[in-house]
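Here we start with a single chain on its own, the form predicted on its own, put down as C-alpha cells.
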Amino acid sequence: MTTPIHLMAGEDDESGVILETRTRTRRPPLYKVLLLNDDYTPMEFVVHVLERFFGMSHAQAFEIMLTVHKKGVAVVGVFSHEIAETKVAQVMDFARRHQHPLQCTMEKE
C-alpha cells in the first residue's frame, strides 16, 4: 500500500516534492499439520484421511502414511492458522467417529 506525502520544498519555490512511503505487509505465519503414529489406527484409514482431508493422491497418501509409520510423525501440509486448525479438528473428529486413536496436531513453522 502506498501513501503519498506532499511536502513543499520552500516558500519561494512553487514546485512540490512528493515522497512515497511504502507499508510492508507481513505474511501471516504458517502452521505445519502433523500426523502422529500409534499402534492401533489401520494404515488404510490413515491413507483415507490423507486423501480425503489433504487432497493427496493414493500414491502420495501411501508414502506419507509409511513415513508416519516408520518415523512416528510426518508433516501432511502447511497452512494458515485457521485452515490448519480446521484440518486438525476435521481429522480428529473423523478418527473419533471411526473409533481410532489417530492424533493430528499443528505447530508454527
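Predicted model only: the values in this text are computed from it and were never measured. Numbering starts at 1 and runs along the sequence shown.
What comes next is about the form predicted in complex with L-tyrosinamide, which does not appear here.
Screening 32, 52, 81, 69 for any heavy atom within 4.5 Å of L-tyrosinamide in the predicted bound form leaves a single hit, 69.
Under a 4.5 angstroms non-hydrogen atom cutoff, L-tyrosinamide in the predicted bound form lacks residue 28 among its neighbouring residues.
The closest heavy atom approach of residue 43 to L-tyrosinamide in the predicted bound form falls within 4.5 Å. Although the partner is absent here, residue 37 lies within 4.5 Å of L-tyrosinamide in the predicted bound form, judged by heavy atoms. Annotation for 85-104: the only interface residue with L-tyrosinamide in the predicted bound form is 102 [heavy atom within 4.5 Å].
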